[in-house]
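Only one chain is included here, represented as structure tokens and corresponding to the form predicted alone.
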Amino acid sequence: MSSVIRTQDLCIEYDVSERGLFFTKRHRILRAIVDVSLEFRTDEIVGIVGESGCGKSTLGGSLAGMVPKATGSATLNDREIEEFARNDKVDFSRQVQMIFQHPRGSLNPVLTGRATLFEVLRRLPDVKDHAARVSELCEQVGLSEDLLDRRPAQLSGGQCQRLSIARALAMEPKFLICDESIAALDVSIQAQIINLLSDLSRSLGMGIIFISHDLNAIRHFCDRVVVLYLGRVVELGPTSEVLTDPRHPYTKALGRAIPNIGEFALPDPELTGEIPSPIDRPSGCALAARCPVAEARCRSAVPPHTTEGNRAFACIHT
């Protein structure tokens, strides 16, 4: 049966209150994710893209059961993820796994690769032959089993990431959340990891949520793309359509930021100024102060999502 992750009006907040003079406390709340409603299925690869600080990793952490919500809901097959991850850790781990940006830092430095995999497999009572399962995992991720007797510091970045993927696959998850999982790797290794993840998704029927700032990687890897700006979804839809014909000014600006081979200079940016603070959010559309087509009405109300077929975008000008 196909598994589904859903969020409905999901909001995630951080208390960043400060102590002032005479021990007074200035109450401040950072709203990292605001009213996000999305759906992820096991038969697709979905990219989440946006500038640093837009909430990509916070959203991924919430879907992995690591970041608590403030309001709204995040569910896996209609079961609240936060409660699921807290009360039934092993079962939840067999549904959702996460791969992090720095592969070497996410591995225990004192354990060999083999010990790392054995540590996971010992939690699974239905896996009897650990050695055979380790060999199978190595074959799946293209990692030589000879390397498993080394510690992370003795492996390359690409080898560490393959080991991290093998560790995640050991739980046979329905969803794999990749949080900037290729950002710390060389370009040639990035391509290998993307191809590996794509093959694994198709062969295992595993949904992938691919968090990245790299639009080129998103373009070649993902079936759908979600564009976040300051914690809100501003555009989503099939990757080929969204990146070829973006409807939101922010998505257009992200596309223009990618340099093209043969161009001697980057085009003039469409956006000006700095990203507003997620603590002191502006009223209306958060992009209005930077947007070249913004009007007075853009600053008075948050634009609703306009749906066209299987696409949606939050802008009154398109």
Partner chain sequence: MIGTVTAPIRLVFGQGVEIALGTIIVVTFLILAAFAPFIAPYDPDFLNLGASLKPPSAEHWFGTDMLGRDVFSRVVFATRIDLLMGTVGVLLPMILGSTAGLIAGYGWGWVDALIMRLVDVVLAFPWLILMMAIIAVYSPGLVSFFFAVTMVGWVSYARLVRARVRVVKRADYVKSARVLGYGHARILTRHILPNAMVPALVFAASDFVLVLTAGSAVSYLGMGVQPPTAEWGLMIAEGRNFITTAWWIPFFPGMAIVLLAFGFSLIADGLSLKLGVGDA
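Residue numbers count along the first chain shown, from 1. Remember, predicted model here, so these are calculated numbers, not experimental data.
The form predicted in complex with the partner chain is left out here; the points below concern that form.
The closest heavy atom approach of F100 to the partner chain in the predicted complex falls within 4.5 Å. The shortest heavy atom separation between L147 and the partner chain in the predicted complex exceeds 4.5 Å. Taking the partner from the other structure, the partner chain in the predicted complex has a heavy atom within 4.5 Å of a heavy atom of G105.
In the predicted complex, the partner chain lies within 4.5 Å of some heavy atom of L111. The single contact residue among R224, R232, H248, R167, judged by any heavy atom lying within 4.5 Å of the partner chain in the predicted complex, is R167. Proximity to the partner chain in the predicted complex, taken as a non-hydrogen atom within 4.5 angstroms, holds for one residue of K89, R79, R202, K128, which is K89.
Every residue of the trio M66, V96 and M171 has some heavy atom no more than 4.5 Å from the partner chain in the predicted complex. Comparing 137 to 145, 115 to 123, 187 to 195, 237 to 245 against the partner chain in the predicted complex, the single stretch with non-hydrogen atoms within 4.5 angstroms of it is 115 to 123.
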